[in-house]
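The data below hold one chain only, encoded as structure tokens and taken in the form predicted alone.
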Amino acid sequence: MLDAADLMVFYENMLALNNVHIRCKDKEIVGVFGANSAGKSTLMYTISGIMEDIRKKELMAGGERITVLGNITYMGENIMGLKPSRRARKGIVLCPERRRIFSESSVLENLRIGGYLATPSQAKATLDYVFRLFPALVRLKKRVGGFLSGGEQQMLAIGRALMAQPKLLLLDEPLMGLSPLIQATLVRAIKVIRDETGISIMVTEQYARPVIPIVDYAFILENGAAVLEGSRDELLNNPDVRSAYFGV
């Protein structure tokens, strides 16, 4: 499905990603764990292609010089040079950190905007699926996004990403700032999405404990480098990893 090799990202002279090699197989849930500034969001931006847009905008504005190196192979194709819109059309869809919904649009409008890549039949079927997955959104269809709670906004953000018909769904810290109850609801939903649709999922989190039960494989980032990887059981059976990253 996805194999990102030798990824390096420089912000001016600061190294944000350092020779990272990360992969996600078909129908797999992959976790990427690490502290703040470990490089998680930079990794997601690089895979989705948004980093290329950021790099060009900074270049045009005479701002921070960003350099991106390495290779990203997706479904057998090297996509390193593709625009984010082309990657999205191929099925790589990012649900960004801090949700970033359209706060002045309603829940239904947000979801329909997310379905711009879908055919009418796909959009209708996926909209029905999102409301089954997150029934709390049904009564909120007409509510403006900015008046939703944090948990409701995250449900909406994931639903909007699903409307784009992903084959590989990138979830950047979806549990950030949410209560344990809402976190548990979202973690269950992530597993249901994979189990019911077969979508491959890559999820980043600072705190691994809520997510580790559902991942098939995981990578740990420190200072922009992937310092450890393994299956869920391999990482849980490592006492140092359990203490440092899982709080157990």
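Not measured: the values here are computed from a predicted model. Numbers follow the displayed sequence, beginning with 1.
Although it is not shown, the form predicted in complex with adenosine-5'-triphosphate is what the next lines describe.
When contacts are defined as a non-hydrogen atom within 4.5 Å, none of D3, R55 and I79 contacts adenosine-5'-triphosphate in the model of the complex.
Contact with adenosine-5'-triphosphate in the model of the complex, judged by any heavy atom within 4.5 Å, is made by just one of A16, A226, C24, L235: A16. Residue heavy atoms within 4.5 Å of adenosine-5'-triphosphate in the model of the complex occur in exactly one stretch of 192-200, 40-48, 179-187, 208-216, and that stretch is 40-48. The shortest heavy atom separation between A35 and adenosine-5'-triphosphate in the model of the complex is within 4.5 Å. Within this chain, E109 is remote from the site of adenosine-5'-triphosphate in the model of the complex, having no heavy atom within 4.5 Å. Remark: E97 counts among the residues lining adenosine-5'-triphosphate in the model of the complex, judged by a heavy atom distance of 4.5 Å or less. In the model of the complex, adenosine-5'-triphosphate lies within 4.5 angstroms of a heavy atom of only one residue of 57-76, namely E64.
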